[in-house]
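Just the one chain here, laid out as structure tokens, in the form predicted alone.
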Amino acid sequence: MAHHVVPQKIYLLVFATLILLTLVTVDVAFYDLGLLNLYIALAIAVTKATIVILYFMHVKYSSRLVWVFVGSGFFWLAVLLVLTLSDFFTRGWSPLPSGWTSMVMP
């Protein structure tokens, strides 16, 4: 089976893009944008992860079966996050029984 040969120029461009996005992440961290800092950092991290998956893991040039497995990995990651966050956000819904006392020390 013949493999796709990626030119070195593409790898250098990807490397430069990742370095640039890292510098942008560091630069944005010095500005106080409130909650927007979190969303900007996550957007940059997702962009960098996508670039690494597509080029360094050679998924861009792979068969559809590889794309299915990559997609299923993200699907199970989403399931994990949804279940974990649903547990985390619903912990305060049921009150503690009246016989229990708080564990906070004075």
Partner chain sequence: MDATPINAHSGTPGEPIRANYLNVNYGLKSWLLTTDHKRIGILYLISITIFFALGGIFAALIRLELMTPEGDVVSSEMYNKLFTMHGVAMIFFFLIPSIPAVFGNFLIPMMIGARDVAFPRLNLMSWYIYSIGGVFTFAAMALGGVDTGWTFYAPYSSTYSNSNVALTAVGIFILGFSSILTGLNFIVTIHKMRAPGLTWFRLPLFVWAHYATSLIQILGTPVVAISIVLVALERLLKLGIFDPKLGGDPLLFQHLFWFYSHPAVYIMILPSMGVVSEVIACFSRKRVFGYPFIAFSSLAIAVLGFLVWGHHMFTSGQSVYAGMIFSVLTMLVAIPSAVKVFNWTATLYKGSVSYQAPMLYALGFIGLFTIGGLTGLFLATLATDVHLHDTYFVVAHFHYIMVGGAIMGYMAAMHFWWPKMTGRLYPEGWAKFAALVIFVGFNLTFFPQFVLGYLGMPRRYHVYPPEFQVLNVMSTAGASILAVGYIIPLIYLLWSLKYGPAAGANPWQAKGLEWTTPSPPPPHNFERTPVVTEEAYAYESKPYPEEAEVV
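Positions refer to the first chain, counted from 1. Between two forms, the rigid core is defined as the largest C-alpha subset superposing within 1.5 Å. Source: prediction; values computed, not measured.
Omitted here: the form predicted in complex with its partner chain. The next part is about that form.
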Note to self: Taking any heavy atom pair closer than or equal to 4.5 Å as contact, tell me whether residue 72 reaches its partner chain in the predicted bound form.
What the structure shows: yes
Item checked: Non-hydrogen atom contact residue 84 with its partner chain in the predicted bound form at 4.5 angstroms -> yes
Next item on the list: Report whether the minimum heavy atom distance between residue 65 and its partner chain in the predicted bound form is within 4.5 Å.
Entry: yes
Check: Can residue 9 be called a contact residue for its partner chain in the predicted bound form at 4.5 Å between heavy atoms?
Finding: no
Checklist line | Stretch 38-57: residues contacting its partner chain in the predicted bound form, 4.5 Å heavy atom cut-off | finding: none
Note to self: With both forms fitted on the core, check whether the Cα of residue 89 differs by 2 Å or more between the shown form and the other one.
What the structure shows: yes
